[in-house]
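Quick setup: one chain, the form predicted alone, written in structure tokens, and binding and motion questions come after.
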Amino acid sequence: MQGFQTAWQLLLPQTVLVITILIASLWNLCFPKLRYFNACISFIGCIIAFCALLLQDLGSPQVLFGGLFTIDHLTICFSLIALIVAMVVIFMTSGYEQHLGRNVGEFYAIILTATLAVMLLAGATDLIMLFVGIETLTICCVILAGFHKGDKKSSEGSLKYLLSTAATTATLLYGLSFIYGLTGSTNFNVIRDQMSYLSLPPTSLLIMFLIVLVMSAIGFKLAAAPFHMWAPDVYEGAPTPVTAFLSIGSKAGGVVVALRLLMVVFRSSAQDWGLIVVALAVLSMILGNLIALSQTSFKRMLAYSSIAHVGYILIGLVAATQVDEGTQVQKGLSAIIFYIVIYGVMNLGAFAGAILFSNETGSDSINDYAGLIKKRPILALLLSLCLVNLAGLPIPPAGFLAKFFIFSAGFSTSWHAFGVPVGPMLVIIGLITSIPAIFYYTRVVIKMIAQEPSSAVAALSVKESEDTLVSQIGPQIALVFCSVLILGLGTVLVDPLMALSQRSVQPIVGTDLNSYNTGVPQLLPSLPLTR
């Protein structure tokens, strides 16, 4: 009984979120005239779960349900990221509810369910829990992407996402079934120990085959090239709050899955999966930045740029392939988390600005942003702040520092593949491909500040009407919040964020992996998942 009580205390944030999901899904049915309170209910639930996470006194990793779920600093870090994204998206949605019709309650419930899925993925240390989390997140994202049922672009994007994820799921299951058949277990640590023997020749080709199958699922969830084909259409057709969640929440889930699988399960085959990650990083940086240059839709431009940012994140993962050098592994992985947090804040701010602009003009065209500073100066300046940081310019240096830490980790990698220093090569490619990124981000800024107003901007009134002000409060709070965070993360919050990043990756760096096997109390009896 004491084990169950301890487990429920540790799972209090997830439990709070489940209760909030039930209330949000039933609120419209029970109180149809008060359906607009759904945003407040969802936000309060996220706040309570967030505070419960912060108050957890975690000394060592806590293994629950016989190894199905592990609560450590990495779990808490990504759970906090997921909840922050959910809260910002809820603010965005409160100014977008007029586009959702009568299904507002269901929308919030599905957003929260997707957030819960990311939190489950963050602590999944078993293949079964991993698959349940991935599928829950995927199904929620498919439904949300097609939430505009009358919009052809939304339906098209949702269908493409569904078909793509169906193929990816089949590939992932094929790989997981092979892993279980080879090792006789679904637990990450048992599989890791077995893989350390299987990675020796002549079975290394089999391990490489398994890594390719697993990496296809990770690449799809991250929208890394060449698994990115669904992203532009889904980003453009989905409701803008959904696009914001997909760009950060879904990617956070993909990153934590990559960290758990690659750095734990396939730890002894780091050089093998490192080659695949190098290829994904190069393709993502080149294709994402070059194709973004030709986009006329603001959301499609952000879609392709997010592919490029995944390439930068993967440089940190390449730096972590030197598993024998604990300092280098920690440097690469902590740079990844630092980058995700700052990129998430910048991207959420950009999408909040897109919602504010679209609510008044009904346009998503980049050309229609021209002259915005003359009618909406605060919106133009805050959106410009987000965009120049996405470009990596030091104004303030939040985006610049994120790239600096990633490139620094990559440059210090001593791994050579086919006689080529992999880390410096990736950094050089990243620096070169950052040039077109600066162009297409600052192009929007120049249009907003230096050009004459477009017809869409010219049609705006000098002062917003009272109804417009009320409907815009949520996205405005989201944009201001993200802008303040960008200023803080580029100045006074740099050291705290880096300390958080280093502490979060500690469980999967070096000898700390052994803490999952010995010295940690197993809460709740083991389930019969291994033979």
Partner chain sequence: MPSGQFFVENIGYVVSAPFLAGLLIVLGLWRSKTISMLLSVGAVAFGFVYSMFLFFAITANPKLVPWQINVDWLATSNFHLSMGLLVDNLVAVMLLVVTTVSLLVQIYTHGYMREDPGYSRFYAYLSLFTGSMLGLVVSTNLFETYFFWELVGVCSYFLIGFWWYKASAAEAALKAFFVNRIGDCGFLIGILLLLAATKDIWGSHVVLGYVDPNGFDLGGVIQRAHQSGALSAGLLTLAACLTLLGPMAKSAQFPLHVWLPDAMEGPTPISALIHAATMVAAGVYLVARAYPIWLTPDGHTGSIGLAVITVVGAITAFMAATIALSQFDIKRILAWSTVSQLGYMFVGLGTGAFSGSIFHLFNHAFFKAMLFLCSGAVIHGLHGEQDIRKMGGLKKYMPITAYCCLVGTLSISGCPGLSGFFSKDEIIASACKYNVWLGALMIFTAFLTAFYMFRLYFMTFENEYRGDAHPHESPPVVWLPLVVLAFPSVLSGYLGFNWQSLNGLKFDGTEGASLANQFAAFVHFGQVPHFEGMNGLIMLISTTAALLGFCLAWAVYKTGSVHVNSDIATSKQPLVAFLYDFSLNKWKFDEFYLWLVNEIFLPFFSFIWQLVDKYIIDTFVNFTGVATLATGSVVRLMQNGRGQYYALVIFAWVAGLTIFAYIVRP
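Positions refer to the first chain, counted from 1. Note that the structure is a prediction, hence the values are computed from the model and not measured.
Another form exists, predicted in complex with the partner chain; not displayed. Remarks below refer to it.
Among residues of the shown chain, Y441 is not one whose heavy atoms approach the partner chain to within 4.5 Å in the predicted bound form. In the predicted bound form, at least one heavy atom of D272 sits within 4.5 Å of the partner chain.
Although the partner is absent here, V494 sits close enough that one of its heavy atoms falls within 4.5 Å of the partner chain in the predicted bound form. Residue contact check for P226: one or more of its heavy atoms lie within 4.5 Å of the partner chain in the predicted bound form. Contact with the partner chain in the predicted bound form, defined as a heavy atom within 4.5 Å, is made by all three of M208, L213 and A279. Checked against the partner chain in the predicted bound form, the residues S363, T171, N103, S434 give one hit for a heavy atom within 4.5 Å, which is T171.
The partner is absent here, but in the predicted bound form a heavy atom of S164, alone among N359, S164, N367, Q451, sits within 4.5 Å of the partner chain. Just one listed stretch, out of 486 to 494, 41 to 49, 65 to 73, 26 to 34, contacts the partner chain in the predicted bound form at the 4.5 Å heavy atom level, and that stretch is 486 to 494.
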